[in-house]
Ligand code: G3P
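One chain is shown next in structure tokens, namely the form predicted on its own.
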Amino acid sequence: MLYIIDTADLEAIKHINEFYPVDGVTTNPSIIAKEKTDCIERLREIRRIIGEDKILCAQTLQTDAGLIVEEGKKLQEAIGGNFYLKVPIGEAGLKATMELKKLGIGVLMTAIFTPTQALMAAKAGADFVAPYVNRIDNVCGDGVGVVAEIVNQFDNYNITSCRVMAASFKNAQQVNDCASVGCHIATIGPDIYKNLISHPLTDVAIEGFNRDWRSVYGDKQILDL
């Protein structure tokens, strides 16, 4: 599974990109607005941090298909690299996606809440679909179940050109559950990354190693021997 950072916080991106095996960054209008800075320049700064090869997604604010396409062209030119335009599911979004694909511009279709939305997005040419796991859970739905159904439908119809990028996580367990049902990608907020690798028994084990070493060698390190 690919791991994506879901933020526009430069310090968080620098840290996670350095210490974790991540594959890119996603943003949305709410995430960008939170930073209260120039949108295009912030996206360029993110690109400089993660490099040209990693995924970078930015979302359109347009609701007209033609304007979505124009915004996609502008963002691709401004940001460069492995770029994907986030396009909300809907009639205008589907029409724009079909046109964007003709232009060679990648698309992440977002705000997915049902498998039928995802299947239609894939048919239109989207490279990724983003089901909102926790938001589905919040309305008494089954977010991981929706992800599993989308993965199964893609497998049933041999759809390999579109991958499932689960989004909207509140805890590490949701990420793990999505991985267990074959989700291709998870875009995760910075606060969850450490929880993916932390466990109290890991801390106990490491402390045991250190205690046993100190009982024989004191403060000496292997590099000192």
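Treat the numbers as computed from the prediction; the structure is a model and nothing was measured. From 1 onward, residues are counted along the sequence shown.
Keep in mind the form predicted together with ligand G3P is missing from the figure; the text below concerns it.
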Candidate stretches 155 to 163, 178 to 186, 63 to 71, 28 to 36, one within 4.5 Å of ligand G3P in the predicted bound form by heavy atom: 28 to 36
Contact flag, Tyr132 vs ligand G3P in the predicted bound form, heavy atom cut 4.5 Å: yes
Ser168 within 4.5 Å of ligand G3P in the predicted bound form, heavy atoms: yes
Residues in 60 to 89 with any heavy atom within 4.5 Å of ligand G3P in the predicted bound form: Lys86
